[in-house]
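Laid out below as structure tokens are two forms of one and the same protein chain, each shown alone and named structure 1 and structure 2.
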Structure 1
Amino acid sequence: MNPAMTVVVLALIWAAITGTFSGLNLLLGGAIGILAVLLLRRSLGPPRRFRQLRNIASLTVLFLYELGASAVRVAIVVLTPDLKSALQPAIIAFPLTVKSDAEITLLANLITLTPGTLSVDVSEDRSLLYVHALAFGTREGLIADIAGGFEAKVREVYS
């Protein structure tokens, strides 16, 4: 998205939040949007192509599905009478192939909100993401799960 698009989108969000789509209100939203873009111009990065909207949408759908599944799974674990056998907590080091700050942040957030995993820490050299698992199966299975699911999608979005 180029800066002008960002300002337009911000103005529309402003109008939606304040609840009135009058011209003056859109103008005020646009002014605030310009201010925000000016303040953040260094961290916004280079303009992105529009084609990636499809990848973002696909990531969002996957995320919402996994979020629902994870909430149900946590609920089942919490409500089992025999907690000791249902739980196998473990911390696994997940080797990161994505490198930039934004990608790691997005991946860590997604991991936290998906079934049975919670990101705890990133190693100093950004090569490992420490993931806490609620019910630990096998190390390889968990890593393959994340690498094939979210990490691939995140890389697509940022490619």
Structure 2
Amino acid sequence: MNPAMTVVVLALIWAAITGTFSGLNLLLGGAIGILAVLLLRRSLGPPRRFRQLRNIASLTVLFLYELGASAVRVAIVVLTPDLKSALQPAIIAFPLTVKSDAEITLLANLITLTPGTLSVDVSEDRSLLYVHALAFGTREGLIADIAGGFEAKVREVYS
């Protein structure tokens, strides 16, 4: 049985034992299941799967953080009385270090789903991703943010 299914089964067992199938109780059972799986990981399966699950969870947490932070930044830009000074749209060419179709697609979707940025196109040779930013600071700053954030996490997930 894979670790995710083990956690689900342990959460359901927890809910059955406690007699409460509420959402919070299932979450508590899931947390206890995750702890049990982590403690027993050597006997349950190869450590590579757990590292990959940890990398996926890390990417998810980063995405949720960036989603919230960028939503606040876009709201501030929109609510600024002098909108023309707050808006500094630009399109930059982001140099890609990820190469597979899946990696490029995931990175482009993460950028597009984050408010204030939009993936526009990928170059023919797949070396550049064109990104539109609503409130543009500096080219180097935006490239560093994407490379150190989403792109690094996508590489970890696919390594």
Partner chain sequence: MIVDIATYAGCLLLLLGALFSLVAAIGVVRLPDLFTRMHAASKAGAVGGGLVLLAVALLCFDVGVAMRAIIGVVFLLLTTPVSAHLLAKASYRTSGQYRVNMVVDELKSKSSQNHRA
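Under this definition, the rigid core comprises the largest set of C-alpha atoms superposing within 1.5 Å between the forms. The first residue in the sequence of structure 1 is number 1, and each one after it adds one. Note that the structure is a prediction, hence the values are computed from the model and not measured.
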Please let me know, 1 or 2, which structure is the form predicted in complex with its partner chain? 1
Just checking, between structures 1 and 2 and with the core aligned, does Val8 shift 2 Å or more at the CA? yes
CA of Ala93, rigid core aligned, shift of 2 Å or more between structures 1 and 2: no
What is the Cα shift of Leu113 between structures 1 and 2 once the core is superposed, in angstrom? 2.6
Once you lay the two forms on top of each other by their rigid core, how far has the C-alpha of Ser22 moved between structures 1 and 2, in Å? 17.6
